[in-house]
Ligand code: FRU
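One chain is shown next in structure tokens, namely the form predicted on its own.
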Amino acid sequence: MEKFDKKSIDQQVRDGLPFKHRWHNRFHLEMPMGLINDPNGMTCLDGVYHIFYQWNPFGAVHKNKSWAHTTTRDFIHYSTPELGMNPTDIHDKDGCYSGCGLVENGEVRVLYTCNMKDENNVRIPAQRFGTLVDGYVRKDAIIVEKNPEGITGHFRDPNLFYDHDRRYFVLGAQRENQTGTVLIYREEDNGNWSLMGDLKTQLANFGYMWECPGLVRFDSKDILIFCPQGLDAEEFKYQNLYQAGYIVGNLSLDAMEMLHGEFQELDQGFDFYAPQVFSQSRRKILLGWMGMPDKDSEYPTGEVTDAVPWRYSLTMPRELSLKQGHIYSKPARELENLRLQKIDIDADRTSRIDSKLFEGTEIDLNIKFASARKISLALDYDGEIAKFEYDLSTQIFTIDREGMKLGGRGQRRFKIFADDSIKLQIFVDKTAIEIFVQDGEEAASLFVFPEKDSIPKMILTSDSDLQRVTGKIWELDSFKFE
């Protein structure tokens, strides 16, 4: 295990800001060095949002699992990220794995998975509280010492929820028969935590492991968010190596059962995993990891001259809503404050629109079809092309990055209904792209890594004249680190 020196590591982060590499993003959280992944510990105290995320400050590989920490009041201005937690003792010597955040007695606290391996390389996970003190997590009590009988060492990612003023948490797990499940623990009157069992669902053989669970409530509906691993790909779903999605229904803690609809994916792109949702009043705010486990080769790390390479981003914060059993997601409203200059789009009876973009761009378009049936919006990076296509007759939306030279390529296809028009909101950062279709009915996240240092052009084409295209193209400012 590497030697963690918080003072030195924090100084390296300060020295790396503002970002200098041409692939570093402007309005996505990331680090100047090392590898980040799962967002963790999201909570709010006195109007300040606390965001943690997993981080290896020593290299762009999945080792030395620690937590970084930053704060914001507006999702635009952030405190300089710092080392918030790292392996310190026998319990978490093999990694501080994912967990959640909470506010208790005026303090920011976390609950996370300690990971250790014994002399036979067998995982012995434990669940532990911590308290944020002067920018660093003090390790507190271990409340679950090991995985229960019938559950393998893949036992992690606690996420707290409340019911009738009692605290519970869900936990991702793998049964010994190699099927995924979610366990529920309850806090007793004496302060101890007891296992209630695994949650019964209609997904008995749905992958070999469920990671990163979270229970969110929208009025009378319960939403279980989780990441199943081991699903077979189908034509229009489960196309990534691992999935991130949810089921909607009603949870009975007495029966330890959830009656629910089908599993739905939260994001239709290539690069989305381990989402965490934070509830504040009636707002539900999601952050996800822009990346995919076990796919590091698809994510270039920059020039070999970098002293410590870096990899991955978090998504922009998204606000969630539930409509007719389906989660809609939109960029958090605060992100409108990134907007600078704009280009107005208003064209009748056209089959092509070209426009310049900016170093950071938001594209908002409302496209009315008329006799046209197919549209293609291309981002042209000096001849490298990423395309977003929609076929009205088949209702198929396609994301195509086969025209890029570096990083992951391929296509993603999903179904979405449009009658006579389609709305697109596309955020184009240096490498990170997020798309919201039909007012957020579907979202998609992906990376592109242009070979040249270029700002893309937008080219919108159709197979026949479109009735009308209206909208705006905004230049977006960068996040500010203070």
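One-based numbering along the sequence shown. These numbers were taken from a predicted model, which means no experiment stands behind them.
In what follows, reference is made to the form predicted in complex with the ligand, a form of this protein that is not presented.
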Q. Can we say Q268, K387 and R413 each have a non-hydrogen atom within 4.5 Å of the ligand in the model of the complex?
A. no
Q. Any of the heavy atoms of P293 lying within 4.5 Å of the ligand in the model of the complex?
A. yes
(Q) Even though the partner isn't displayed, in the model of the complex is N37 close enough to the ligand, meaning a heavy atom within 4.5 Å? (A) yes
Q) Is Q276 close enough to touch the ligand in the model of the complex, meaning at least one heavy atom pair within 4.5 Å? A) no
Q: With heavy atoms only and a cut-off of 4.5 Å, decide whether T431 touches the ligand in the model of the complex.
A: no
Q. Just one of V144, C212, I327, L338 has a heavy atom within 4.5 Å of the ligand in the model of the complex. Which one?
A. C212
Q | Contact assignment for the ligand in the model of the complex, among Y97, Y381, F397, Y299, heavy atom within 4.5 Å | A | Y97
Q) Just one of 100 to 108, 153 to 161, 195 to 203, 133 to 141 has heavy atoms within 4.5 Å of the ligand in the model of the complex; which? A) 153 to 161
Q.
With the partner left out here, which residues of 51 to 77 have a non-hydrogen atom within 4.5 Å of the ligand in the model of the complex?
A. Q54, K65
